[in-house]
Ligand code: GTR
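So this first bit is one chain, no partners, the form predicted alone, shown in structure tokens.
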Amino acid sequence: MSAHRFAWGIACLTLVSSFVVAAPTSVMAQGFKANYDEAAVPQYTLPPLLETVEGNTVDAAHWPARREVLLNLCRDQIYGAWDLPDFQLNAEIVEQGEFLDGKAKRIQWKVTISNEHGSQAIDLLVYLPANASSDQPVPLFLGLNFAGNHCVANDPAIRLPTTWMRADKDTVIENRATDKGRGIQDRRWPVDEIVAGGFGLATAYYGDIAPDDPKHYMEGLPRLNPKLKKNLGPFALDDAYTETEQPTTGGAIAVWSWGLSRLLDVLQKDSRIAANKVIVVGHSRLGKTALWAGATDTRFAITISNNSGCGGAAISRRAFGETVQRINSAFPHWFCDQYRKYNKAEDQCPVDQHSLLALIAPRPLYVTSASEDLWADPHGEFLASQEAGVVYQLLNQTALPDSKFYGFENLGDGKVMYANGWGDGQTESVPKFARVGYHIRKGPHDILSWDWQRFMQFARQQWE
């Protein structure tokens, strides 16, 4: 981590009272047609995880060096590097109170990152069980949200975000949040179930870190590092890659994941939170972000990817559903420019998404899919999770068993892969998880209560 100064506001620990975004129409008009036929998946060979370019196979003692090679490849070819070499982090509690009739504590932080080029404020919302204390610190889920902290719960005390938001005729006026958005995504954040399960929850609006739009992206943290500005497109679907001025500069996923690490800096200073039990979690593009955060910051105790798909947990070489070409064209600000070299050439990339998952070893990893979310390639997410297991086994950890993908039929509410095979994920008599977990939930691209219940089951078992 780069050296930086950590400043705490006077109120820090003493205050006691008081979505899936559509692709640009220009891209849609180009007529991309996704493959959803397993028979049409191209033959491919995955880059080896434990074999060096010299053909040597590494052992556990040499894994750290091999891991560094894979990390650098994932960074330079996919996500890019992003950092602020010299910055100040200030964290101040600006409001706290009770929620859920006193069953939860609400804490709202204002986190400010600043340097000589300016400052960027991030609102961090935290819910803790009422009994959380320095004597009884709780594990905590940390994840970014799509629509603002106020969308997470129908809690009138949550501060409205003031940063740019994508237009919505019902909840966002002139690209700014309104009260009409309160609680609109509470199904994705079951605060009552999470705190009842003994966990805390922390979240921030991802647009506070960097707006998710090529035209407004530089209004967030990226503007504090002007040397890293780059042409963000848009790029045509069939544009050939040409060298750019900053080919390995991190895109939004790298910036969002860097922001998650800064929020972790803050949360680890709160004695009510178990600093060694912070779980990074994300859905969709923020699932990609959670994986990159878990790979680059080993302080995250567990990494959870929900429906992360292309550029997340799904094997890119399968070209199933969303592809590298399609994602780079629709969202040119997400990845580094060099990733566009692999448009329609996934097999030329020296790493694939199993490489990313392997970087999280030996820490616990949980990957999830949804049966109707073929765009995110559930089968590819499952296969990548299995492939990463060779590294977990090298490090004396359990991996997903060598079992076929369950498929999409007769799922019930969903199926979970445990250490010894598939189960139904019921809350009673839960089988033993491996160090790598996976489930496929019945239904669409979303994150729901059923997912969160499995997340908590998985985490509890890892700490037994």
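A quick note: this is a predicted structure, and the numbers were derived from the prediction, not measured. In case it trips you up, residue 1 is the first one in the sequence shown, and so on.
Unshown form predicted together with this ligand; subsequent notes refer to it.
Peer 1: At 4.5 Å between heavy atoms, only one of the stretches 154-162, 75-83, 224-232, 330-338 reaches this ligand in the model of the complex; which one is it?
Peer 2: So the stretch in question is 330-338.
Peer 1: Is residue 284 close to this ligand in the model of the complex, meaning a heavy atom pair under 4.5 Å apart or at it?
Peer 2: Yes - in the model of the complex, heavy atoms of residue 284 and this ligand come within 4.5 Å of each other.
Peer 1: Indicate whether this ligand has at least one heavy atom within 4.5 Å of a heavy atom of residue 392 in the model of the complex.
Peer 2: Residue 392: no contact with this ligand in the model of the complex.
Peer 1: Heavy atom to heavy atom, is residue 442 within 4.5 Å of this ligand in the model of the complex?
Peer 2: Judged by the heavy-atom cut-off of 4.5 Å, residue 442 is well away from this ligand in the model of the complex.
Peer 1: Please run the contact check for residue 322 against this ligand in the model of the complex: heavy atoms, 4.5 angstroms, yes or no?
Peer 2: Residue 322: yes, in contact with this ligand in the model of the complex.
Peer 1: Within 4.5 Å, heavy atoms only, which of 141, 146, 217, 342 is in contact with this ligand in the model of the complex?
Peer 2: None of the other options qualify; the answer is 146.
Peer 1: Could you check which residue among 87, 99, 375, 199 gets a heavy atom within 4.5 Å of this ligand in the model of the complex?
Peer 2: Of the candidates 87, 99, 375, 199, 375 is the one lying within 4.5 Å of this ligand in the model of the complex.
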